[in-house]
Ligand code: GRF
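Only one chain comes next, encoded as structure tokens, the form predicted alone.
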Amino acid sequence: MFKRLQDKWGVSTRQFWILFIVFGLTGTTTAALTRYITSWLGMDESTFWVWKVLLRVGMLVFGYQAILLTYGFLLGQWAFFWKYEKKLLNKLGVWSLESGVNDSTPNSKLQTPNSKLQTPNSQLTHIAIFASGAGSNAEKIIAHLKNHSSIKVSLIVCNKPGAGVLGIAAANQIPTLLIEKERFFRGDAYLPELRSREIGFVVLAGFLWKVPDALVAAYPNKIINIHPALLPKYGGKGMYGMHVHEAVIAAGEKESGITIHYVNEHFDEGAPIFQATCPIEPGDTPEKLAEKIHVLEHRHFPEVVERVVNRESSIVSREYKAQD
């Protein structure tokens, strides 16, 4: 039961138990305050029952919600409980989420990560690019989608202060989010920030951290990665960048290439989307192979991102496999 609830909320195990504690503290505090107010007002067994009911309903409708938000704020879960309250108020007809009336927060037009953002004149999907280094692939994707009518690069997420991709984001006036390991892996995985910007798709472009389960659960088949080898070979933990090219050369392979794939809970094991190959010539070094791979990445990744976001690509790579 707890696992299903955790999956429904799209949170990490740590965050789930914090939320559970907030609900418990809120219930206990509400009950204690109700008893205190009842005593303070002099209510007893002789008090007309309607007044007792009105007090309890008032505490449930107003007191409980205020206490919930207070504990949520104190335990660092304001974003989750604010969204929870808005949904409740929407069901009661007090707050309209569709119109955004009385809501000045970025979540006023929030949709689920699996859907495209509805705008007055078009369907627009906001994507976030996660990158750890220079950001050459991110730059190519940004340029390719710069004037796209239905896809917008709305956020650059990076785990390294001073990384080149942050400069690329600044040059293109794209907001950035610098993340830290503890919160990413054992906290809320920065889902509140992604949702506040209405991110509907995530692209990993040279991002070296493993994506936490909470993020994968929140964006099923909405996260893709590019790997500098022909998976399933030369994938897994520690296989990135020059490590991959060194392993390929050492094994005496005759060709290498790129694999673009969906991201799941395991390193480089998500369903493949696209592969392109290049030959390995006698005398090629890992550095020369890296140059060939970069050519493939820059040529194909932006187009594949566009096609996948627009649901034009096959999940299986072979249909689009290219010989370069």
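What you see is a predicted model; the values in this text were computed from it and never measured. The numbering used is simple: start at 1 and walk along the sequence shown.
Not pictured, yet referred to below: the form predicted in complex with this ligand.
Remark: of stretches 189-197, 222-230, 78-86, 143-151, the one touching this ligand in the model of the complex is 222-230 (heavy atom within 4.5 Å).
The shortest heavy atom separation between H294 and this ligand in the model of the complex is within 4.5 Å. Though the partner is left out of this view, G133 does reach within 4.5 Å of this ligand in the model of the complex, counting heavy atoms only. Not displayed here, this ligand is approached by A205 to within 4.5 Å at the level of heavy atoms in the model of the complex. For the chain shown alone, N137 is a contact residue for this ligand in the model of the complex, at least one non-hydrogen atom being within 4.5 angstroms.
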